[in-house]
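Okay, so here's just one chain, in structure tokens, the form predicted alone.
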């Protein structure tokens, strides 16, 4: 690992060293900083927290928000939980995937916390609410 990434990983890990239960906050910060949690990051976290690499890997692989590899293309997270389903998200999925093609990854998530204004999607840290086919298609088009 080079380009200062190792130093940045160590900084992130150290910034949570006094927390109780630091693993998830560390993983979130690393995911936000690098776009994924690499094998090197898992080893460094494991060493710093006195965990096995398998324990860290187990947490990374359990939660869908964490990636072991970079996404490679922009990601739109489309909420397909019950509230968004009742507000019509399933009717939007086919068109969204067609517009996204190979340029944007459309991933399913279950609840973005804005159930009363669904269907919802998240791009980066921004949640987009009250989506219809036109708004969702335009959103994906902006990402491609």
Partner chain sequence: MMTVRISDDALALACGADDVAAAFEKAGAAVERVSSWGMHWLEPLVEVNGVGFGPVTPADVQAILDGGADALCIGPVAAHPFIVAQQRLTFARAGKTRPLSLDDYEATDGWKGLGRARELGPEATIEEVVASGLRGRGGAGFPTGIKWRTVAAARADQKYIVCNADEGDSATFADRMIMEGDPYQLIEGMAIAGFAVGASKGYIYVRSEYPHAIAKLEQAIHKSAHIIAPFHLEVREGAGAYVCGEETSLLNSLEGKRGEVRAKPPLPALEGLFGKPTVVNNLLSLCAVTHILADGATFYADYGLGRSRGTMPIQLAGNVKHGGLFETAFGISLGTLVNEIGGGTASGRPVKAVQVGGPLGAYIHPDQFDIPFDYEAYAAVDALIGHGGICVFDDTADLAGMARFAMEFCAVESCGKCTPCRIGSTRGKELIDRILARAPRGRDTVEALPQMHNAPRSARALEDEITLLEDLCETMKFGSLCALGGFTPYPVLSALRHWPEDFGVTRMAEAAE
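Positions refer to the first chain, counted from 1. Because the structure is a prediction, the values reported are computed rather than measured.
Omitted from view is the form predicted in complex with the partner chain, to which the following refers.
Point to revise | Three-residue site 59, 86 and 129 fully in contact with the partner chain in the predicted bound form at 4.5 Å by heavy atom | key: Every residue of the spot touches the partner chain in the predicted bound form.
Check your understanding: Does the partner chain come within 4.5 Å of any heavy atom of residue 64 in the predicted bound form?
Key -> Flag for residue 64 set to yes.
Point to revise | Contact label in the predicted bound form: residue 102 to the partner chain, heavy atom within 4.5 Å | key: No, residue 102 sits far enough from the partner chain in the predicted bound form that none of its heavy atoms falls within 4.5 Å.
Review point. Is there a heavy atom of residue 36 no more than 4.5 Å from a heavy atom of the partner chain in the predicted bound form?
Key: Outside the cut-off, so no.
Check your understanding: Do residue 47 and the partner chain share at least one heavy atom pair within 4.5 Å in the predicted bound form?
Key -> Output for residue 47 is no: heavy atoms all beyond 4.5 Å of the partner chain.
Review point. What residues, if any, in 108-144 have a non-hydrogen atom within 4.5 angstroms of the partner chain in the predicted bound form?
Key: Residues within 4.5 Å: 109, 110, 111, 112, 113, 114, 115, 116, 117, 122, 125, 127, 128, 129, 130.
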